[in-house]
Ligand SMILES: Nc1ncnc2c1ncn2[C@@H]1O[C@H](COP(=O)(O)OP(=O)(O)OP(=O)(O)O)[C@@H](O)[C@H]1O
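A lone chain, given as structure tokens: the form predicted on its own.
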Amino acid sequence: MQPVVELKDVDVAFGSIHVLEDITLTVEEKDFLGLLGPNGAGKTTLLKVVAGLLRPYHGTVKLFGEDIAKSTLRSKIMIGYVPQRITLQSQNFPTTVYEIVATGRISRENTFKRLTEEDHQKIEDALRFVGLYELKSRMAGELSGGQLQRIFIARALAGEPSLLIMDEPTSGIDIGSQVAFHSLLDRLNKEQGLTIMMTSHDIGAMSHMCTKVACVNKKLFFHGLTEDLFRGDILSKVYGYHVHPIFHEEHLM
């Protein structure tokens, strides 16, 4: 089976500052990979490299077996990317929930393409899956932080991705919304077989949701099954101080 993501000897620097060094990492189909590490560890940079938003100065990046430097439109539309801290600055933001999700279909071809009946069906399917179909005509700026995150997940899903990349998607939303959001991701991974890469500072939640974990702090310290993460002192090495994880129960719906 062809890996979804293959990074080999990847180095990224901004000027003289090295952000990632010698990263070699493989993500298999249907993996739910959690990226852990302290602030400034390079997690967001790594996701941007995989999404094609940043190019490393050394090393190779392959998506679905294709070198990202030579990737076609077909490869690009197989990725759904949800960036960190999505906000709409005004409650009067003049765009509906449906219109935002629809842009996930428009980007598959070009800006001037008229939406087809199939496009509209995919948009509605995505809205139903994230539980926002009844709010499709609402102005997006009127919704809560948790609902806003689901809008952009739906937008990504409307494009029918094979890989969903999310950077701290639960940052700034309340606990109840986080539990519902984690349940949604669990369904996407287990029911739809979607490959997911996600960063978070919540070690307990990541251990509960993710099938695999990668620990990054400029370099890759660990990549493997989630249950193996807590053997030895891996987390302490990554964070640079003793880490004592606190686990909590989450009831997935």
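All residue numbers refer to positions in the sequence shown, first residue = 1. The shown structure was predicted, so the numbers you read here are calculated from the model rather than taken from an experiment.
What comes next is about the form predicted together with this ligand, which is not displayed.
Novice: At 4.5 Å between heavy atoms, only one of the stretches 39-47, 26-34, 204-212, 186-194 reaches this ligand in the predicted complex; which one is it?
Specialist: That would be 39-47.
Novice: Check Glu21, Phe230 and Leu235: does every one of them have a heavy atom within 4.5 Å of this ligand in the predicted complex?
Specialist: Checked in the predicted complex: no contact with this ligand for any of the three.
Novice: In the predicted complex, does Asp119 have a heavy atom within 4.5 Å of this ligand?
Specialist: The answer is no: Asp119 has no heavy atom within 4.5 Å of this ligand.
Novice: Answer yes if any heavy atom of Gln84 is within 4.5 Å of a heavy atom of this ligand in the predicted complex; otherwise answer no.
Specialist: The answer is yes: Gln84 has a heavy atom within 4.5 Å of this ligand.
Novice: Would you please decide whether Glu168 lies within 4.5 angstroms of this ligand in the predicted complex, comparing each non-hydrogen atom pair?
Specialist: Result yes; Glu168 sits at the interface with this ligand in the predicted complex.
Novice: For the stretch 177-196, return the residues whose heavy atoms include at least one within 4.5 Å of this ligand in the predicted complex, in the order they occur.
Specialist: Read in sequence order, no residue approaches this ligand (within 4.5 Å, in the predicted complex).
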